[in-house]
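Only one chain comes next, encoded as structure tokens, the form predicted on its own.
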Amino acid sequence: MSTTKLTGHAALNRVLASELAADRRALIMGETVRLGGSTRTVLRGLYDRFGPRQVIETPVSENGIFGAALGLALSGYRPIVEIYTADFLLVVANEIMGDIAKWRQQQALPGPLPIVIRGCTGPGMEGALGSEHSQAMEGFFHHEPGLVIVTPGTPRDMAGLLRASLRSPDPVIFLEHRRIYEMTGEVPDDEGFMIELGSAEIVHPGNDVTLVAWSWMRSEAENAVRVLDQEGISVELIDPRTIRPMDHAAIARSVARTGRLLVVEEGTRTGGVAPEVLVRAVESAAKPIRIARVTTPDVILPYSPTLELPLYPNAKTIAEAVRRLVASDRSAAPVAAA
């Protein structure tokens, strides 16, 4: 299969263009979409190519946007909603969790509800986005039945997972990390290229520790794995790619071999995704395992990049957590690192 080296935002743009061209029922809606969207890059050129019937500039009213998206989906359209920044999903949490996620069950409508909600998440390369724009949002929504949550970690995954999301019959929250927008990678040219939702990727095989990381944390984890490999520590790195549904079976198979599990999450420590991954691994393990997590601490993110960026997990803190796990006693009862 031929590939092209693309940035993350270019990979997303190419998929969106091909899907809009293939299905006139597909449409993009949101604030500033005529100008290229919130990033000024992902949606660039789509309004000029497809016009206002498929690229719809909306008022600055998140509640109105999401209400309209639900109505359009029920009418046979395939709305792709861009939220200006994923943090603003909290403004429409009732529409997402109270309406969109539950609609088919509450209304006894077993058919598809194809709504894709896109939004950028996490800090940029320089930080300085502040507490209302830098948050990792998957932890706020991952407990809600009825939603699919996707967190791509590479341009290739952005392309393959977005196309799968756009063709999914279920509502999807698609979280695009700002740092991956500028990352470059090989992306298949096949317009049918998709990555199955709910299928993890074994990024790097290993035998000593299972390391689970997603979105931008995948890149930090890969850097840590390279350092640890030189030290003789064999790490199996797994990117779940989708938070809901998550491929817990792939993680369990790996932990059954390694006996150790480290989960890295960009979100804050309390109530996030990492505890769920750890608990399920412990529940399914046939023997005691050692577990730990690396997260952002439970603090309000500061605006200053000097203060903000050191709070996030990075290759150094991930590698140190792996070393502590390897140094631990395999036969000890399951514990969580402090």
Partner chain sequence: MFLGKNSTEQMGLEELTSAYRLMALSRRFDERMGELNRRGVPVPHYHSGIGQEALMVAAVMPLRRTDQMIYTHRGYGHLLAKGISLREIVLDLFMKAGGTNQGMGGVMHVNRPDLGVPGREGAFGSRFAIAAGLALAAKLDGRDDVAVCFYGEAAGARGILYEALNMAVLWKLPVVYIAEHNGWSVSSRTEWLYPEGSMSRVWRGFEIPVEVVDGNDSETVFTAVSRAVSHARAGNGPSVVEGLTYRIEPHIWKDKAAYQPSEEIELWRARDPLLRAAKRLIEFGAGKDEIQSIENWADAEVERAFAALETAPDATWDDARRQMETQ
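Fair warning: this is a prediction, and the values are worked out from it, not measured in the lab. Numbering follows the first chain given and starts at 1.
Just so you know, the form predicted together with the partner chain exists too; it's not on screen, but the next bit is about it.
Proximity of W103 to the partner chain in the model of the complex falls within the 4.5 Å heavy atom cutoff. Using a 4.5 angstroms threshold between heavy atoms, P302 stays clear of the partner chain in the model of the complex.
T58 belongs to the set of residues with a heavy atom inside 4.5 Å of the partner chain in the model of the complex. The partner chain in the model of the complex comes within 4.5 Å of no heavy atom belonging to A249. Checking N94, T184, S199, N207 for any heavy atom within 4.5 Å of the partner chain in the model of the complex turns up a single hit: N94. Residue-level contacts in the model of the complex: of R49, R53, R40, K287, one residue has a heavy atom within 4.5 Å of the partner chain, and it is R53. Listed stretches are 228 to 236, 249 to 257, 143 to 151, 67 to 75; the contact stretch with the partner chain in the model of the complex is 67 to 75, by a heavy atom cutoff of 4.5 Å. Along 91 to 113, a non-hydrogen atom within 4.5 Å of the partner chain in the model of the complex is carried by N94, E95, G98, D99, W103, R104, Q105, Q106, Q107, A108, L109, P110, G111, in order along the sequence.
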